[in-house]
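A lone chain, given as structure tokens: the form predicted on its own.
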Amino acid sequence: MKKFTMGAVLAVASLAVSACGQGLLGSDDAEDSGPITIGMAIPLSGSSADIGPYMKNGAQMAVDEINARGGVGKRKLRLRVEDDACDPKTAVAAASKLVAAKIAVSVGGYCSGATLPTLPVFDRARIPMIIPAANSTELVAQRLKHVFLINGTGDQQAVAAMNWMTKSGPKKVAVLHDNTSYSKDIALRTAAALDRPGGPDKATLDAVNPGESDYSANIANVLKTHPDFIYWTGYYQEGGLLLRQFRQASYTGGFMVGDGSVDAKLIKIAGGKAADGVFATMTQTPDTIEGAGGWISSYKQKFGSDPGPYSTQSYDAVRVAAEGIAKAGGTDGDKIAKQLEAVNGFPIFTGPLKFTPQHTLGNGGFVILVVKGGAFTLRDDLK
């Protein structure tokens, strides 16, 4: 696990902002005199609505900290949030509102299926996207110059899943997804890896229809293949139901979920004890980051609750956006994107940031969590 040093993060961020304060900004045109708006399209309604506030709060925390140090140059940041409901049509409408609001950078994106159709909306407007949570490999497959991911990719998550399964010893693994871009991407990559020699075998690859309440037909089909381990790559609503119904069907083998299911609601829906021992592939959550105690305390003091999944990634997305704007000397999207490509060593929670040529993280930073005592806790950092 990487040692997170908040002091170093703030020191570098402060230097970048101070450099802008010496006059790098404010000379492009008359519009460069007011607050700089950072946009964020996230789920505040729908089945993934519990995640949105974590991301919003993380982003707001960074905005407030940067503004307390004087902003970017002589300009303050402000955060504008739109609800994408994890729905493609709603997400496009939200992105269009953000473009109309003349945001400088987008720092949203949780559900890959909803984020994907917003890519051309922001790209046509030359607005850089720093995506903190959505992680389908499809997001960067188009090689759009304005799209950057600061979350691990589906490919990296599938590798982490295989590493853990090979290490922990199941013999036959069933892989389940929900046909969304995010979930299917991880499932197909994991299934392909299971077909190769040197690890557990693939029992089956199956898909469920999200939104249903009875998955008995899927469960029966999976159990016919006699898996001793199941990997669910979809979201927590269906994940909790599947887990409960697999246990009711007397399945006693291992169960692992992808990062879209890492939420307390999974445990609640599954029925408490049914979730004990469930593993998860996940990028680090605040409570699994060594040295993040001060940040967590600041978050709790500010918002009155514990930080949750993707609050740190959203916090970092704003800080990286501010760095790009600072280095670009203004809000021109092409110039910001060019500066983001040149970032080398900027400190974020997962370590010094340097984007790959595909605008992803070189190391996805996935770890293995396990449900213990009614909460997700760190099981293995895969180091």
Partner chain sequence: MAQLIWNGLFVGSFYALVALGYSMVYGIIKLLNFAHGDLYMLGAFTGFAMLGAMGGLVHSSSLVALLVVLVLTMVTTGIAGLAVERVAYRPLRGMPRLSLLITAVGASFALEYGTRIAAGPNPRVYPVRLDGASFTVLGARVTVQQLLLMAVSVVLMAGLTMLIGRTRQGRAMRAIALDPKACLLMGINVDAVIARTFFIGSAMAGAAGVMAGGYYGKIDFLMGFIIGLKAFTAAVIGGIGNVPGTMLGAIVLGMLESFGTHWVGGQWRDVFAFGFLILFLTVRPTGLLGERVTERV
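In this text, all values refer to a predicted model and were calculated from it rather than measured experimentally. Numbering follows the first chain given and starts at 1.
Just so you know, the form predicted together with the partner chain exists too; it's not on screen, but the next bit is about it.
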Checklist entry - Any chance all of L44, E212 and N221 sit within 4.5 Å of the partner chain in the model of the complex, going by non-hydrogen atoms? => result yes
Item to check | Options 201 to 209, 146 to 154, 97 to 105, 124 to 132; stretch whose heavy atom lies within 4.5 Å of the partner chain in the model of the complex | outcome: 201 to 209
Checklist outcome for this item: the partner chain in the model of the complex has a heavy atom of only one listed residue within 4.5 Å, and of N179, Q142, S297, T252 that residue is N179
Next on the checklist: Please identify the residue among V262, A193, A270, L119 with any heavy atom within 4.5 Å of the partner chain in the model of the complex.
Outcome noted: A270
Checklist entry - Does Q237 reach the partner chain in the model of the complex if we count a contact as any heavy atom within 4.5 Å? => result yes
Checklist entry - Going by a heavy atom distance of 4.5 Å, is A49 a contact of the partner chain in the model of the complex? => result yes
Item to check | Close approach of R78 to the partner chain in the model of the complex, 4.5 Å, heavy atom | outcome: no
Next on the checklist: Within 4.5 Å, heavy atoms only: does S305 come near the partner chain in the model of the complex?
Outcome noted: no
